[in-house]
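Let's start with one chain on its own, the form predicted alone, as structure tokens.
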Amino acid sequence: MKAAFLARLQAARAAGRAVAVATRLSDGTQYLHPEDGLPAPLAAAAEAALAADAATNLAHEGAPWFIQPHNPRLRLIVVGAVHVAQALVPMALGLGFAVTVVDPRRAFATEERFGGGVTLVDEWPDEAMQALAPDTRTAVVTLTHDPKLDDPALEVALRSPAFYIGALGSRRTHAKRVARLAEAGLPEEAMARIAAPVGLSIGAVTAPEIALSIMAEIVARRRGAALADR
């Protein structure tokens, strides 16, 4: 890899841009997708590699190519520095997620409770969520059971392209939540994006079990696994 090309790749990664390196194996020629305008078949392969987070090989016009995706880290935004969050955070970190915990209650969102490697934000959830700007590589989970904290965060998240949005609470709690969000002007199709009750149905009871069910559902959603209807 030439120094100038490496510098472009490093700049893209530092800026958090999703890019892919396309290498023609016959002569080592390299292109940076999407900046370099690849032919359609190679561009499609690069997009597929980025979506799958997996490298791929293909042939184009008689030459072998290797596509290497370089995505920014997946993100998990957790609203509510509660016991479930304490179990969820290390699981997400272990899976390579960049984790942010949002809770304006400063006694809850502390390094003593969550350790290092996690970003702690003590702003109100709606303001924090707007600043964090969830994208297609972001999962959002609300855990406080407090509408004053969860609802504003969900309003912002549901207007974003976040790939997963989950909310803790029973079906009865969620029905009340949906009614409140509808009054706030969110359409039915937006609220249908909320995974609630959050997590896969594995009979989870304890905080670590609930965290496991949530993380499993996030991974399943990310990987496009077929899940049973709620």
Partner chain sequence: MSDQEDILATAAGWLAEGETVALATVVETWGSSPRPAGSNLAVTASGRMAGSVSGGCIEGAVAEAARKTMAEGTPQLLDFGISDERAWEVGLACGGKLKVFVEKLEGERVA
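Residue numbers count along the first chain shown, from 1. From a predicted model like this one, the values you see are computed outputs, not experimental measurements. Only the largest set of C-alpha atoms that superpose within 1.5 Å between the two forms is called the rigid core.
One more form of this protein, predicted in complex with the partner chain, exists but is not displayed; see below.
Is every one of Trp124, Asp146 and Ala184 in contact with the partner chain in the predicted bound form, taking contact as a heavy atom within 4.5 Å? No: none of Trp124, Asp146 and Ala184 comes within 4.5 Å of the partner chain in the predicted bound form.
Within 4.5 Å of the partner chain in the predicted bound form, counting heavy atoms only, one of 24-32, 160-168, 42-50, 196-204 shows up; tell me which. Result for this chain: 24-32.
How about Arg13 - does it come within 4.5 Å of the partner chain in the predicted bound form, if we only consider non-hydrogen atoms? Contact check for Arg13: yes, within 4.5 Å of the partner chain in the predicted bound form.
Does Gly116 make contact with the partner chain in the predicted bound form, using a 4.5 Å heavy atom cut-off? No, Gly116 stays farther than 4.5 Å from the partner chain in the predicted bound form.
Although the partner isn't part of this model, could you tell me whether Ala179 comes within 4.5 Å of the partner chain in the predicted bound form, counting any heavy atom of the residue? Taking the distances in the predicted bound form, the answer for Ala179 is no, it never comes within 4.5 Å of the partner chain.
Can you check whether His70 is within 4.5 Å of the partner chain in the predicted bound form, heavy atom basis? Yes, His70 lies within 4.5 Å of the partner chain in the predicted bound form.
Neighbours of the partner chain in the predicted bound form among 48-66 [non-hydrogen atom within 4.5 angstroms]: Those in contact are Ala55, Asn57, Phe66.
Is there a C-alpha shift of 2 Å or more at Leu58 between the shown form and the other one once the rigid core is superposed? It does, since the Leu58 C-alpha is displaced 2 Å or more between the shown form and the other one after the core fit.
Rigid-core frame, C-alpha of Thr173, shift of 2 angstroms or more between the shown form and the other one: Comparing the forms between the shown form and the other one, which are aligned on their rigid core, Thr173 does not shift its C-alpha by 2 Å or more.
Versus the form shown, are the CA atoms of Gln10 and Leu93 closer or farther apart in the predicted bound form, given a shift of 3 angstroms or more? The answer is closer, because the C-alphas of Gln10 and Leu93 approach each other in the predicted bound form by 3 Å or more.
Would one find the Cα atoms of Ala11 and Leu93 closer or farther in the predicted bound form than in this form, where their distance changes by 3 Å or more? They are closer; the C-alpha distance drops by 3 Å or more in the predicted bound form.
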